[in-house]
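First, one chain by itself in C-alpha coordinates, the form predicted on its own.
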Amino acid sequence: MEFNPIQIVPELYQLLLIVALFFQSLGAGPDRPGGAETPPAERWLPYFAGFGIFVNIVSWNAQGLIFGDVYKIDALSQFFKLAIAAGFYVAVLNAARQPSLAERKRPDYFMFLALSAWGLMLLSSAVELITIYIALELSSYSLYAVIALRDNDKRAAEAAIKYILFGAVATAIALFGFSYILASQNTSYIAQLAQRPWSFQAQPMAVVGLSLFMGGMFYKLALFPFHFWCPDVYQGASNETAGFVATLPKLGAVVVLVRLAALLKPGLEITTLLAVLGAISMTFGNLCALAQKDVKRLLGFSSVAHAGYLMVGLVAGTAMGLAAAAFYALAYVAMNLLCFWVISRVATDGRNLQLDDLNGLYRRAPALAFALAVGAFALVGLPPTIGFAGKLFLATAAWNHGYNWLVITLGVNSAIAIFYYLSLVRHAYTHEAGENPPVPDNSPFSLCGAGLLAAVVLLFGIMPSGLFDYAVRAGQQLLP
(Lines give C-alpha, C1' and ligand atoms only; values in the text may rest on other atoms or scores of the structure.)
Protein backbone atom coordinates (compact mmCIF):
# COMPACT_ATOMS: atom_id res chain seq x y z
CA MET A 1 0.00 0.00 0.00
CA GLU A 2 1.27 3.48 -0.86
CA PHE A 3 2.50 5.40 2.16
CA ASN A 4 0.59 8.54 3.15
CA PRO A 5 2.03 10.64 6.01
CA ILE A 6 -1.52 11.46 7.13
CA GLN A 7 -1.84 7.85 8.30
CA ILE A 8 0.74 8.40 11.04
CA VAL A 9 -0.06 11.97 12.08
CA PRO A 10 -0.35 11.08 15.82
CA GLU A 11 3.09 9.46 15.80
CA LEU A 12 4.63 12.39 13.89
CA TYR A 13 3.08 14.91 16.26
CA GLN A 14 4.40 13.03 19.30
CA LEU A 15 7.84 12.89 17.68
CA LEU A 16 7.78 16.68 17.21
CA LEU A 17 7.09 17.08 20.93
CA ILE A 18 10.08 14.84 21.68
CA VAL A 19 12.34 16.92 19.41
CA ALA A 20 11.14 20.15 21.02
CA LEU A 21 11.82 18.77 24.51
CA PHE A 22 15.22 17.52 23.37
CA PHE A 23 16.27 20.99 22.24
CA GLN A 24 14.85 22.45 25.45
CA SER A 25 17.01 20.05 27.46
CA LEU A 26 20.07 21.26 25.51
CA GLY A 27 19.24 24.94 25.95
CA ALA A 28 20.41 27.13 28.79
CA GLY A 29 18.14 27.33 31.81
CA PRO A 30 17.82 29.72 34.73
CA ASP A 31 20.37 27.72 36.76
CA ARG A 32 23.06 28.03 34.10
CA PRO A 33 24.88 31.39 34.41
CA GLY A 34 25.10 33.41 31.27
CA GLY A 35 22.43 31.43 29.48
CA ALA A 36 19.24 32.71 27.95
CA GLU A 37 16.01 32.09 29.81
CA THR A 38 13.81 29.38 28.28
CA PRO A 39 10.18 28.72 29.22
CA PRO A 40 9.96 25.76 31.60
CA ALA A 41 8.66 22.63 29.88
CA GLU A 42 5.78 22.30 32.34
CA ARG A 43 4.40 25.66 31.16
CA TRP A 44 3.97 24.89 27.46
CA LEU A 45 3.92 21.08 27.25
CA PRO A 46 0.43 20.56 28.78
CA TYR A 47 -1.13 22.68 26.02
CA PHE A 48 0.60 20.77 23.25
CA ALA A 49 -0.03 17.40 24.90
CA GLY A 50 -3.72 18.33 25.11
CA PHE A 51 -3.70 19.28 21.42
CA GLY A 52 -2.30 15.79 20.76
CA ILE A 53 -5.66 14.34 21.84
CA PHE A 54 -7.34 16.42 19.12
CA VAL A 55 -4.76 15.19 16.58
CA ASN A 56 -5.63 11.59 17.45
CA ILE A 57 -9.35 12.28 17.16
CA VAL A 58 -8.88 13.80 13.69
CA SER A 59 -7.04 10.67 12.51
CA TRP A 60 -9.55 8.33 14.19
CA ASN A 61 -10.70 6.69 10.95
CA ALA A 62 -7.29 6.27 9.31
CA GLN A 63 -6.49 2.79 7.98
CA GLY A 64 -3.61 1.16 6.16
CA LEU A 65 -0.83 -1.41 6.18
CA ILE A 66 2.55 0.25 5.61
CA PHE A 67 6.33 -0.09 6.06
CA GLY A 68 6.55 -3.54 4.52
CA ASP A 69 3.32 -4.67 6.18
CA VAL A 70 4.84 -4.46 9.68
CA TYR A 71 2.79 -1.41 10.71
CA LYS A 72 -1.00 -1.52 10.66
CA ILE A 73 -3.33 1.42 11.20
CA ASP A 74 -6.73 0.01 12.11
CA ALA A 75 -9.56 0.52 14.58
CA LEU A 76 -7.66 -1.19 17.40
CA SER A 77 -4.51 0.88 16.96
CA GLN A 78 -6.45 4.16 16.79
CA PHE A 79 -8.43 3.20 19.92
CA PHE A 80 -5.23 2.68 21.91
CA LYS A 81 -3.38 5.67 20.45
CA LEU A 82 -6.16 7.98 21.57
CA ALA A 83 -6.06 6.40 25.05
CA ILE A 84 -2.26 6.82 25.18
CA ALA A 85 -2.49 10.47 24.09
CA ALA A 86 -5.13 11.18 26.75
CA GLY A 87 -3.11 9.36 29.41
CA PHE A 88 0.05 11.24 28.45
CA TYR A 89 -1.81 14.54 28.77
CA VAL A 90 -3.00 13.68 32.29
CA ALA A 91 0.45 12.42 33.26
CA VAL A 92 2.05 15.68 32.09
CA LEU A 93 -0.48 17.73 34.04
CA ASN A 94 0.09 15.59 37.11
CA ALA A 95 3.88 15.96 36.90
CA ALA A 96 3.79 19.70 36.19
CA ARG A 97 3.97 20.44 39.92
CA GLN A 98 6.26 17.60 40.95
CA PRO A 99 8.00 18.62 44.20
CA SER A 100 10.66 15.89 44.17
CA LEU A 101 12.20 16.75 40.79
CA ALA A 102 15.01 19.30 40.36
CA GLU A 103 14.25 22.16 37.97
CA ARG A 104 17.22 21.41 35.71
CA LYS A 105 16.00 17.83 35.17
CA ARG A 106 12.47 18.69 34.12
CA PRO A 107 13.00 18.97 30.34
CA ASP A 108 14.77 15.59 30.32
CA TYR A 109 12.06 14.09 32.50
CA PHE A 110 9.24 15.18 30.19
CA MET A 111 11.25 14.19 27.12
CA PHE A 112 11.57 10.64 28.44
CA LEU A 113 7.86 10.49 29.25
CA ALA A 114 7.03 11.67 25.72
CA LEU A 115 9.47 9.15 24.24
CA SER A 116 7.87 6.32 26.21
CA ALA A 117 4.40 7.37 25.04
CA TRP A 118 5.69 7.49 21.45
CA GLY A 119 7.03 3.94 21.77
CA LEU A 120 3.63 2.82 23.05
CA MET A 121 1.93 4.44 20.04
CA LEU A 122 4.27 2.52 17.73
CA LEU A 123 3.50 -0.63 19.69
CA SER A 124 -0.22 -0.11 19.05
CA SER A 125 0.26 -0.50 15.30
CA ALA A 126 3.06 -3.08 15.22
CA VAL A 127 1.92 -6.37 13.66
CA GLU A 128 5.30 -8.09 13.29
CA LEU A 129 7.18 -9.61 16.21
CA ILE A 130 10.54 -7.84 15.81
CA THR A 131 8.74 -4.52 15.31
CA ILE A 132 6.77 -5.24 18.48
CA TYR A 133 9.99 -5.96 20.35
CA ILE A 134 11.71 -2.75 19.18
CA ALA A 135 8.69 -0.59 20.04
CA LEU A 136 8.41 -2.29 23.44
CA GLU A 137 12.06 -1.58 24.25
CA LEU A 138 11.76 2.01 23.03
CA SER A 139 8.94 2.60 25.49
CA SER A 140 10.80 0.77 28.29
CA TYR A 141 14.23 2.39 28.05
CA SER A 142 12.75 5.81 28.74
CA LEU A 143 11.20 4.57 31.97
CA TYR A 144 14.52 3.15 33.13
CA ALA A 145 15.76 6.74 33.30
CA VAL A 146 12.78 8.53 34.87
CA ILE A 147 12.12 6.08 37.72
CA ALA A 148 15.40 7.11 39.39
CA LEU A 149 14.59 10.85 39.20
CA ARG A 150 13.50 11.52 42.76
CA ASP A 151 15.61 13.92 44.81
CA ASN A 152 17.23 12.68 48.01
CA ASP A 153 15.53 9.29 48.01
CA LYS A 154 17.61 6.14 47.69
CA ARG A 155 14.47 4.07 47.14
CA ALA A 156 14.17 5.60 43.66
CA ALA A 157 17.60 4.31 42.65
CA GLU A 158 16.74 0.89 44.07
CA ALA A 159 13.44 0.87 42.17
CA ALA A 160 15.19 1.82 38.92
CA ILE A 161 17.78 -0.95 39.33
CA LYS A 162 15.06 -3.53 39.98
CA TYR A 163 13.05 -2.36 36.98
CA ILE A 164 16.12 -2.56 34.72
CA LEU A 165 17.21 -5.99 35.94
CA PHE A 166 13.77 -7.57 35.72
CA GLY A 167 13.24 -5.84 32.37
CA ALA A 168 16.48 -7.33 31.02
CA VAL A 169 15.38 -10.81 32.06
CA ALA A 170 11.93 -10.35 30.49
CA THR A 171 13.55 -9.09 27.28
CA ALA A 172 15.86 -12.08 27.09
CA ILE A 173 12.94 -14.45 27.61
CA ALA A 174 10.91 -12.72 24.90
CA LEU A 175 13.77 -12.87 22.38
CA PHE A 176 14.38 -16.52 23.19
CA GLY A 177 10.70 -17.20 22.53
CA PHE A 178 10.86 -15.26 19.26
CA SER A 179 13.64 -17.54 18.01
CA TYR A 180 11.42 -20.58 18.67
CA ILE A 181 8.48 -19.01 16.82
CA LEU A 182 10.62 -18.09 13.82
CA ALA A 183 12.23 -21.51 13.67
CA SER A 184 8.94 -23.41 13.84
CA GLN A 185 6.51 -21.16 11.98
CA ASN A 186 8.94 -19.56 9.49
CA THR A 187 7.39 -16.11 9.81
CA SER A 188 7.18 -13.26 12.27
CA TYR A 189 4.08 -11.55 10.83
CA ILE A 190 0.97 -11.89 12.98
CA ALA A 191 -1.30 -12.13 9.90
CA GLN A 192 0.64 -15.19 8.69
CA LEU A 193 0.96 -16.66 12.17
CA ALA A 194 -2.85 -16.62 12.41
CA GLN A 195 -2.93 -19.24 9.64
CA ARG A 196 -0.55 -21.60 11.48
CA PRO A 197 -1.54 -24.28 14.03
CA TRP A 198 -1.01 -23.42 17.71
CA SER A 199 -1.68 -26.70 19.49
CA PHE A 200 1.11 -28.36 21.43
CA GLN A 201 0.57 -31.60 19.53
CA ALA A 202 1.06 -29.97 16.12
CA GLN A 203 3.69 -27.32 16.97
CA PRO A 204 5.25 -27.78 20.42
CA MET A 205 8.16 -25.43 19.66
CA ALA A 206 5.82 -22.67 18.50
CA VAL A 207 3.66 -23.01 21.62
CA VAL A 208 6.70 -22.72 23.88
CA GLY A 209 8.01 -19.81 21.83
CA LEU A 210 4.79 -17.82 21.92
CA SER A 211 4.46 -18.41 25.67
CA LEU A 212 7.96 -17.04 26.21
CA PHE A 213 7.44 -14.10 23.84
CA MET A 214 4.30 -13.14 25.74
CA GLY A 215 6.48 -12.99 28.85
CA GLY A 216 7.71 -9.58 27.72
CA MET A 217 4.12 -8.34 27.68
CA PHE A 218 3.39 -10.01 31.01
CA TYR A 219 6.28 -8.04 32.50
CA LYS A 220 4.78 -4.73 31.38
CA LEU A 221 1.39 -5.86 32.59
CA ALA A 222 2.79 -7.06 35.96
CA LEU A 223 1.12 -10.44 35.52
CA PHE A 224 2.23 -13.25 37.82
CA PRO A 225 5.04 -14.47 37.76
CA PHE A 226 6.49 -11.31 36.16
CA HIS A 227 5.11 -9.04 38.88
CA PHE A 228 8.02 -8.84 41.34
CA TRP A 229 9.15 -5.37 40.30
CA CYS A 230 5.74 -3.74 40.54
CA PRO A 231 5.12 -2.82 44.23
CA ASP A 232 8.77 -1.91 44.81
CA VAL A 233 8.93 0.37 41.76
CA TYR A 234 5.65 2.07 42.65
CA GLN A 235 6.92 2.66 46.19
CA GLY A 236 10.38 3.86 45.15
CA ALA A 237 9.46 6.14 42.26
CA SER A 238 7.96 9.58 42.82
CA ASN A 239 4.16 9.72 43.01
CA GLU A 240 3.89 11.31 39.57
CA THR A 241 6.29 8.86 37.92
CA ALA A 242 4.52 5.92 39.54
CA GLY A 243 1.25 7.24 38.11
CA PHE A 244 2.73 7.05 34.60
CA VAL A 245 4.38 3.65 35.07
CA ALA A 246 1.17 2.23 36.55
CA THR A 247 -1.00 3.17 33.60
CA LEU A 248 0.27 3.85 30.08
CA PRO A 249 2.68 0.87 29.67
CA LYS A 250 -0.26 -1.40 30.48
CA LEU A 251 -2.01 -0.15 27.34
CA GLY A 252 0.95 -1.13 25.18
CA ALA A 253 1.06 -4.62 26.69
CA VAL A 254 -2.68 -5.14 26.27
CA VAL A 255 -2.82 -4.10 22.61
CA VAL A 256 -0.09 -6.64 21.75
CA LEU A 257 -1.73 -9.39 23.81
CA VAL A 258 -5.06 -8.66 22.11
CA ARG A 259 -3.44 -9.08 18.69
CA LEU A 260 -1.69 -12.29 19.77
CA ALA A 261 -4.78 -13.66 21.52
CA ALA A 262 -6.60 -13.45 18.19
CA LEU A 263 -4.37 -16.38 17.14
CA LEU A 264 -5.72 -18.59 19.93
CA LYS A 265 -8.91 -20.50 20.60
CA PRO A 266 -10.38 -21.70 23.91
CA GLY A 267 -8.96 -25.06 24.93
CA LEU A 268 -5.50 -24.58 23.43
CA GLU A 269 -2.56 -25.05 25.78
CA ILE A 270 -1.49 -21.39 25.58
CA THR A 271 -5.04 -20.21 26.24
CA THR A 272 -5.29 -22.43 29.30
CA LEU A 273 -1.91 -21.12 30.47
CA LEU A 274 -3.21 -17.54 30.21
CA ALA A 275 -6.28 -18.52 32.22
CA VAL A 276 -4.23 -20.20 34.97
CA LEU A 277 -1.79 -17.29 35.22
CA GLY A 278 -4.74 -14.90 35.32
CA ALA A 279 -6.36 -16.76 38.20
CA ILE A 280 -3.10 -16.92 40.17
CA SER A 281 -2.31 -13.28 39.47
CA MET A 282 -5.66 -11.89 40.61
CA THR A 283 -5.67 -14.04 43.76
CA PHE A 284 -2.04 -13.37 44.70
CA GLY A 285 -2.32 -9.62 44.03
CA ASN A 286 -5.48 -9.19 46.09
CA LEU A 287 -4.24 -11.23 49.05
CA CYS A 288 -0.95 -9.31 49.18
CA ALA A 289 -2.75 -5.97 48.90
CA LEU A 290 -4.75 -6.76 52.04
CA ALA A 291 -1.60 -6.44 54.18
CA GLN A 292 -0.31 -3.14 52.75
CA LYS A 293 -0.16 0.18 54.59
CA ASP A 294 1.72 2.16 51.93
CA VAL A 295 -0.87 3.42 49.45
CA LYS A 296 1.36 2.99 46.40
CA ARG A 297 2.38 -0.55 47.35
CA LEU A 298 -1.32 -1.29 47.77
CA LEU A 299 -1.97 -0.03 44.24
CA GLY A 300 1.06 -2.00 43.03
CA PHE A 301 -0.36 -5.32 44.19
CA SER A 302 -3.74 -4.12 42.91
CA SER A 303 -2.26 -3.85 39.42
CA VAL A 304 -1.09 -7.47 39.67
CA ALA A 305 -4.70 -8.45 40.36
CA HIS A 306 -6.05 -6.35 37.50
CA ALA A 307 -3.58 -7.97 35.10
CA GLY A 308 -5.29 -11.23 36.02
CA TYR A 309 -8.71 -9.75 35.32
CA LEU A 310 -7.59 -8.83 31.80
CA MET A 311 -6.83 -12.46 31.04
CA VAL A 312 -10.55 -13.24 31.38
CA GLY A 313 -11.26 -11.36 28.16
CA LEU A 314 -8.21 -12.64 26.30
CA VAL A 315 -9.08 -16.33 26.78
CA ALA A 316 -12.67 -15.97 25.53
CA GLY A 317 -11.63 -16.37 21.89
CA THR A 318 -14.31 -14.00 20.59
CA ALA A 319 -14.45 -10.43 19.33
CA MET A 320 -16.42 -9.48 22.45
CA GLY A 321 -13.69 -10.96 24.64
CA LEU A 322 -10.95 -8.99 22.90
CA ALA A 323 -13.10 -5.86 23.09
CA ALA A 324 -13.73 -6.44 26.79
CA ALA A 325 -9.98 -6.70 27.42
CA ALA A 326 -9.34 -3.48 25.47
CA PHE A 327 -12.16 -1.66 27.25
CA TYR A 328 -10.99 -2.83 30.67
CA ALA A 329 -7.44 -1.68 29.92
CA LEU A 330 -8.81 1.80 29.22
CA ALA A 331 -10.93 1.62 32.38
CA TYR A 332 -7.89 0.60 34.42
CA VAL A 333 -5.90 3.57 33.14
CA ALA A 334 -8.71 6.02 33.95
CA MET A 335 -9.23 4.61 37.46
CA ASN A 336 -5.55 4.61 38.35
CA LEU A 337 -4.85 8.04 36.91
CA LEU A 338 -7.62 9.34 39.17
CA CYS A 339 -6.15 7.64 42.26
CA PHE A 340 -2.60 8.81 41.54
CA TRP A 341 -3.86 12.33 40.86
CA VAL A 342 -5.36 12.42 44.35
CA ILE A 343 -2.19 10.90 45.88
CA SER A 344 -0.03 13.54 44.20
CA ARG A 345 -2.32 16.36 45.32
CA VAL A 346 -2.45 15.14 48.91
CA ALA A 347 1.30 14.49 49.16
CA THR A 348 2.31 18.03 48.17
CA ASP A 349 5.78 17.46 49.65
CA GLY A 350 6.34 14.34 47.54
CA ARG A 351 6.18 11.86 50.40
CA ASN A 352 4.85 8.33 50.12
CA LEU A 353 1.38 8.26 51.61
CA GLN A 354 0.44 5.74 54.27
CA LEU A 355 -3.19 4.84 54.85
CA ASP A 356 -3.16 6.92 58.04
CA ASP A 357 -2.16 9.99 56.00
CA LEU A 358 -5.63 9.85 54.42
CA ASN A 359 -7.35 10.21 57.79
CA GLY A 360 -9.82 13.06 57.84
CA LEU A 361 -9.31 13.89 54.18
CA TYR A 362 -13.03 14.67 53.84
CA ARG A 363 -12.47 17.65 56.13
CA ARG A 364 -9.18 18.87 54.67
CA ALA A 365 -10.09 18.40 50.99
CA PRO A 366 -13.70 17.27 50.40
CA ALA A 367 -13.37 17.25 46.61
CA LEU A 368 -10.22 15.11 46.69
CA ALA A 369 -11.83 12.73 49.17
CA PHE A 370 -14.82 12.32 46.85
CA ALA A 371 -12.54 11.72 43.86
CA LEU A 372 -10.60 9.12 45.82
CA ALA A 373 -13.86 7.39 46.73
CA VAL A 374 -14.90 7.32 43.06
CA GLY A 375 -11.55 5.81 42.09
CA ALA A 376 -11.73 3.20 44.86
CA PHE A 377 -15.32 2.23 44.01
CA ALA A 378 -14.33 1.91 40.35
CA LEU A 379 -11.35 -0.33 41.13
CA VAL A 380 -13.64 -2.56 43.20
CA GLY A 381 -16.11 -2.69 40.30
CA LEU A 382 -19.13 -1.06 41.90
CA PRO A 383 -21.81 0.63 39.77
CA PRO A 384 -22.13 3.16 38.24
CA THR A 385 -18.40 3.36 37.53
CA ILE A 386 -16.34 2.34 34.51
CA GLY A 387 -14.81 -0.46 36.59
CA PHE A 388 -18.22 -2.10 36.98
CA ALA A 389 -18.90 -1.87 33.24
CA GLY A 390 -15.46 -3.30 32.46
CA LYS A 391 -15.80 -6.30 34.76
CA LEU A 392 -19.32 -6.94 33.50
CA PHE A 393 -18.08 -7.02 29.90
CA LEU A 394 -15.21 -9.35 30.86
CA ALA A 395 -17.50 -11.79 32.68
CA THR A 396 -20.20 -11.92 30.01
CA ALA A 397 -17.64 -12.30 27.20
CA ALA A 398 -15.91 -15.28 28.83
CA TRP A 399 -18.94 -17.10 30.21
CA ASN A 400 -19.78 -20.39 28.45
CA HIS A 401 -16.52 -20.39 26.47
CA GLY A 402 -14.80 -23.08 28.50
CA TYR A 403 -13.49 -20.90 31.32
CA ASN A 404 -16.46 -20.41 33.62
CA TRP A 405 -14.20 -21.23 36.56
CA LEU A 406 -12.08 -18.18 35.70
CA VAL A 407 -15.14 -15.93 35.68
CA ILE A 408 -16.11 -17.27 39.12
CA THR A 409 -12.55 -16.61 40.31
CA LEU A 410 -12.90 -13.03 39.07
CA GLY A 411 -16.10 -12.61 41.11
CA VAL A 412 -14.53 -14.04 44.27
CA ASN A 413 -11.47 -11.83 43.92
CA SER A 414 -13.59 -8.75 43.36
CA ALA A 415 -15.21 -9.48 46.71
CA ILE A 416 -11.79 -9.84 48.38
CA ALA A 417 -10.67 -6.53 46.86
CA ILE A 418 -13.53 -4.69 48.56
CA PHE A 419 -11.69 -4.89 51.89
CA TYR A 420 -8.56 -3.00 50.87
CA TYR A 421 -10.02 -0.60 48.31
CA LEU A 422 -12.71 0.58 50.66
CA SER A 423 -10.12 0.99 53.42
CA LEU A 424 -8.97 4.02 51.41
CA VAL A 425 -12.46 5.47 51.72
CA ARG A 426 -12.75 4.40 55.34
CA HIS A 427 -9.59 6.27 56.30
CA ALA A 428 -10.64 9.33 54.32
CA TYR A 429 -14.15 9.56 55.76
CA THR A 430 -14.36 7.77 59.13
CA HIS A 431 -10.96 8.41 60.73
CA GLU A 432 -9.86 11.74 62.14
CA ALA A 433 -6.51 13.21 61.15
CA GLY A 434 -3.61 12.83 63.57
CA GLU A 435 -0.78 15.25 64.20
CA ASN A 436 0.88 17.00 61.25
CA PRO A 437 -1.23 15.48 58.45
CA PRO A 438 -0.21 16.34 54.86
CA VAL A 439 -1.66 19.64 53.67
CA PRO A 440 -3.55 18.85 50.43
CA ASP A 441 -3.44 21.00 47.32
CA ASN A 442 -6.88 22.61 47.16
CA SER A 443 -6.08 24.88 44.23
CA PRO A 444 -8.50 25.16 41.28
CA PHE A 445 -5.97 23.20 39.19
CA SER A 446 -6.05 20.31 41.67
CA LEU A 447 -9.82 20.24 42.08
CA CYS A 448 -10.61 20.61 38.37
CA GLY A 449 -8.28 17.75 37.47
CA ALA A 450 -9.79 15.48 40.12
CA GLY A 451 -13.32 16.45 39.09
CA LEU A 452 -12.75 15.82 35.38
CA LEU A 453 -11.13 12.43 35.95
CA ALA A 454 -13.90 11.41 38.34
CA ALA A 455 -16.45 12.53 35.73
CA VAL A 456 -14.78 10.33 33.07
CA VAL A 457 -14.85 7.32 35.41
CA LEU A 458 -18.54 7.87 36.14
CA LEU A 459 -19.61 8.90 32.63
CA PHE A 460 -18.19 5.81 30.90
CA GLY A 461 -19.64 3.70 33.69
CA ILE A 462 -23.12 5.07 33.01
CA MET A 463 -22.82 5.17 29.20
CA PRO A 464 -20.16 2.65 28.11
CA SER A 465 -21.93 1.32 25.03
CA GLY A 466 -20.49 3.68 22.42
CA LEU A 467 -16.89 3.03 23.39
CA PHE A 468 -17.43 -0.70 23.85
CA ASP A 469 -19.21 -1.06 20.50
CA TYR A 470 -16.21 0.52 18.80
CA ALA A 471 -13.91 -1.89 20.65
CA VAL A 472 -16.08 -4.80 19.43
CA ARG A 473 -15.72 -3.63 15.82
CA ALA A 474 -11.96 -3.44 16.35
CA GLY A 475 -11.99 -6.98 17.75
CA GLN A 476 -13.98 -8.29 14.79
CA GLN A 477 -11.31 -6.98 12.42
CA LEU A 478 -8.69 -9.10 14.17
CA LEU A 479 -10.50 -12.42 13.97
CA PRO A 480 -10.47 -14.43 10.70
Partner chain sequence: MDFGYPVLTSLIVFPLVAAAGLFLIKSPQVARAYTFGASILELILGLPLLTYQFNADFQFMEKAHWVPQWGLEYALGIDGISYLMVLLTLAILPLCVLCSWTYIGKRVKEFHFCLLFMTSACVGVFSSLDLVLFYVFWEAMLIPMYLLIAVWGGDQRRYASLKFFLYTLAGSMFLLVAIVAFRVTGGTFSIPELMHTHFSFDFQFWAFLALALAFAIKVPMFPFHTWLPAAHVQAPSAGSVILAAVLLKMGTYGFLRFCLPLTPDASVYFAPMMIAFSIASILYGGAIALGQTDIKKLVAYSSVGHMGFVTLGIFLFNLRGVEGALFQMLNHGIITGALFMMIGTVYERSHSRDISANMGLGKYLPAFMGFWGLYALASMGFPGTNGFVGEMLVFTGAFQHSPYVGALIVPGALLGAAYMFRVTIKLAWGRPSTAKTWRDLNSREWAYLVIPALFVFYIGLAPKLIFDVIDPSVEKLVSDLAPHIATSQTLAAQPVPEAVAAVSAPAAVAAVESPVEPVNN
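Numbering follows the first chain given and starts at 1. Everything numeric here is computed off the predicted structure, so don't read it as measured data.
Not on display, but discussed next: the form predicted in complex with its partner chain.
A single residue from the set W399, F166, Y180, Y144 has any heavy atom within 4.5 angstroms of its partner chain in the model of the complex; that residue is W399. In terms of contact with its partner chain in the model of the complex, the residue from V407, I280, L273, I134 that brings a heavy atom within 4.5 Å is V407. Using a 4.5 Å cut-off to its partner chain in the model of the complex, each of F377, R426 and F468 places a heavy atom inside that distance.
At a distance threshold of 4.5 angstroms between non-hydrogen atoms, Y189 is out of contact with its partner chain in the model of the complex. In the model of the complex, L16 stays away from its partner chain, with no heavy atom inside 4.5 Å. At the 4.5 Å threshold, heavy atoms of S414 reach its partner chain in the model of the complex. Using a 4.5 angstroms limit between non-hydrogen atoms, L298 is distant from its partner chain in the model of the complex.
Remark: of stretches 227 to 235, 72 to 80, 202 to 210, 388 to 396, the one touching its partner chain in the model of the complex is 388 to 396 (heavy atom within 4.5 Å).
Residues of 300 to 329 placing a heavy atom within 4.5 Å of its partner chain in the model of the complex: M320 alone.
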